[in-house]
Each structure stands twice: as structure tokens, then as C-alpha cells.
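One chain is shown next in C-alpha cells, namely the form predicted alone.
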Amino acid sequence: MSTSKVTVRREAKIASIVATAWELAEADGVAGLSLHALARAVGLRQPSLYEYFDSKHALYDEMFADGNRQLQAHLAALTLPREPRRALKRYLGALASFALERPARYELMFLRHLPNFTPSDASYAIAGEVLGTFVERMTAAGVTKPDDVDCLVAMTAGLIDAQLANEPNTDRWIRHLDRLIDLLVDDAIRRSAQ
């Protein structure tokens, strides 16, 4: 078999393992992901899983990268309004819907619940690209100072966290997203003009 066919088969198996890992993480939480259960679910013995990932953290790293690629695709599929603030609201709303529909991905990508796990530089680079697109949207809407960007990111994450932690099947907190975006953007623009 040619090297390219072997590479394609290996990449397909890795994608299958990661997809199954996400399914298990959605059911049991990211920290509850069992390599034994994962190996069984993908038709491998646990030692064979190490042919693809040399550690659980290596698996988490690939999941982190995969989750960010999924978020990129989710955002790229959006049709955005021309008006910058409305586009920002749609963008942050899309992030919130992604997180609420895929809480395990949100947990791994945006929270740090796993002891000693830090994504690799390559995986962080993908996350940095995602953040860069958000910053572009914020800048276009008039949020240009780093502290204001931080506030908008923290506010969005706080609403998502409150929603997931308390009433994941309602919109009790996330329904306030657009209103709070308006408040923060208005405040950022006002303070920039002073």
C-alpha cells in the first residue's frame, strides 16, 4: 500500500476516534472520557489507541483543535448583516449557540477543568484565528480597546456559563446577549470618544 493511502487511512481513523471521543465526552463530560471506553467504541483494544495518541492529553489536544475547526466552520457558514453591530450580535450569538449545543466542546475549548492539560501551540493557533475573527467583528462595531474586547468576551462567556450551569434547556441568561452587547458597545464607543 502506498504511503499516501496509509496516511489517508490513518487520518480517517484519527478523525473517527476524535468524533467518537466527542460523543463520549458529550455523554460523560470531558474529564469523564475513558480511553478504555473510547477504544472499545472505535473497535480497538486500549493499547492500540496509543498508536494514534500517545497520551490522553494528546487526544485532548486533537479534540481542542478539532473543536476550534468546527467553530470556524460554524462561523464561516453565517450570513452576516452589513451593519457592524448587528453582525457582531449574530457572530456572538453563533458562538453561544455552538457552545450551548455542544457543551463538551465548549468545556474543552474555553474552560480549564482538566489538570495539567494545555493545548499545543499548533492547536492554540487555530483558537487564535477564531478569536481574531471575533476581534475583527468587535473592532468594526467600535470596540477597539483591549480592555473593552476583554469585557465583551467575558460577558459572552459568563452568559454561556450561567446558561449551561443552571438551565441548559432554557434561554434564561443567553436571551440577554444582544442587550448586553449594546450596553458594552455603547459604553466602549462613548469612552473612546472622550
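Being a predicted model, the structure only gives us computed values, none of them experimental. When you see a residue number, it is the position in the sequence shown, counting from 1.
The form predicted together with the DNA is left out here; the points below concern that form.
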*H176: heavy atom within 4.5 Å of the DNA in the model of the complex?*
no
*asked:* Quick check on T139: any heavy atom within 4.5 Å of the DNA in the model of the complex?
replied: no
_Even though the partner isn't displayed, in the model of the complex is M63 close enough to the DNA, meaning a heavy atom within 4.5 Å?_
no
*Flag K145 as yes or no: does it have a non-hydrogen atom within 4.5 angstroms of any non-hydrogen atom of the DNA in the model of the complex?*
no
*asked:* Based on heavy atom distances of 4.5 Å or less, which listed stretch (150-158, 63-71, 29-37, 163-171) is in contact with the DNA in the model of the complex?
replied: 29-37
*asked:* Given a 4.5 Å distance limit between heavy atoms, list every residue of 32-53 close to the DNA in the model of the complex, or none if there are none.
replied: L33, S34, L35, H36, G43, L44, R45, Q46, P47, S48, Y50, E51, Y52
